[in-house]
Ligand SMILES: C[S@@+](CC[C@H](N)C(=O)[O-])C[C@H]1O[C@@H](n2cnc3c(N)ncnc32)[C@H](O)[C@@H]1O
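Shown below, as C-alpha cells, is a lone chain in the form predicted alone; questions about how it binds or moves come after it.
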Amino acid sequence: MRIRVPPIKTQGIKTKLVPFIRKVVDWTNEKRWVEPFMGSGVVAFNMEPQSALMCDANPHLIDFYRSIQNRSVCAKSVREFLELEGESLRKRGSDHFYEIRSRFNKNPNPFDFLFLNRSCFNGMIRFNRKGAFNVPFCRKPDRFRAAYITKIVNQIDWVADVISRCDFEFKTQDWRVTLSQSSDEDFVYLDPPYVARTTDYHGSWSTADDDDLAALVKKRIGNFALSTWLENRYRRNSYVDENFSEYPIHTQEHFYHLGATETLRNSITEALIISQPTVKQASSHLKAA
C-alpha cells in the first residue's frame, strides 16, 4: 500500500516508518485509534481507521485539520492562497515571510500556518514561551513554484478524503486528558516529543513528563504502541531500558532530515514498544491490582 505524506511537516515525522509501524502493531479496524500526540497525523491518515480520536497540545495543528474536516480549507482555496502569497514571497522575499509570521501570531489561521510551515527553515514547528511562531525564513523566495503548490494541494485532497470516509475527532488537549478519555477497547498510538532531542514544538516536554507517560501507559489493559528513540552513534536512550525492558521492543533504522542543527539530522535507531509485556511483567501487574 502506498504511503502518503500529509500537508503539515513536523519534527520527527514518521512517514518512512509507517510500514514498520503497520507491520508491528496488533490492531484491527474494529477498534478506535487514539493519538494523544497527533503531530502531522501521518500514521493515522495512512492507517485509515474507521474511528479515531486525534489530539495534540498544539491548537494550530488541530485547527488546521478541523478546517479540512469542515471544508473551510480545501484544495481549491489552498491553491488560490498559495499562488497569491507565493507570488508576493517571490517578489518581496523575507519581508513577506515575516509579515505573514507577524500576522499569524496576532490572528492565527490555518492558511497562514500552512504557508509558514512550508516556507520556514527546515520545515520546523517551534513556538516561543509566549506562544508565538518563531522559526525563521528558509531563504527560498521561489518556494511556492507551481509543482510545489500542486504537491501540497494533492496532500490536502488526500487527507480530506480520508477524514470524509472515517470518523475522525480532533481535540486540543493535554495528553493525560486524552489517555483518560481512552478505553481499554481503544488502540492508543503514542509519539511523544523525544526526551533530550526536542525543541519547543508547542509547550515543554521534560523527563518528568516521560516518567509520567511510562507509568500511565503501563497501567493500561488495552493495547498501545509507543514510539521513541533507542540509540544513535553517540548514546543510548536509558529511558527505554529503565521503563520498558520487559516489553517487546521492535527497532528500525531511520534518518531524520528535520532538525535545527546537523547533529539532530542523522541516523537513529527507532524503538516501537508494544503492549504485550513478558510473563514476569504481566505477573507484577496482577499483583499490583
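Note that residue numbering begins at 1 and tracks the sequence as displayed. Computed from a predicted model, the values in this text were never measured in an experiment.
One more form of this protein should be noted, the form predicted together with the named molecule, which is absent from this view; the next part is about it.
How about residue 39 - does it come within 4.5 Å of the named molecule in the model of the complex, if we only consider non-hydrogen atoms?
Although the named molecule is absent here, residue 39 would touch it in the model of the complex, with heavy atoms inside 4.5 Å.
Considering only heavy atoms, tell me if residue 13 and the named molecule come within 4.5 Å of each other in the model of the complex.
Result yes; residue 13 sits at the interface with the named molecule in the model of the complex.
Contact test in the model of the complex: residue 86 vs the named molecule, heavy atoms, 4.5 Å:
No.
Can you work out whether residue 58 and the named molecule are in contact in the model of the complex, taking contact to mean some heavy atom pair no more than 4.5 Å apart?
Heavy-atom contact with the named molecule at 4.5 Å: present for residue 58.
Heavy atom contact within 4.5 Å of the named molecule in the model of the complex, the stretch among 234-242, 45-53, 217-225, 30-38
Result of the contact check: 30-38.
With the named molecule left out of view, choose which of 175, 144, 115, 187 has a non-hydrogen atom within 4.5 angstroms of it in the model of the complex.
Only one listed residue qualifies here, and that residue is 175.
Would you kindly say which of 170, 133, 97, 205 lies with a heavy atom within 4.5 Å of the named molecule in the model of the complex?
Exactly one residue meets the criterion: 205.
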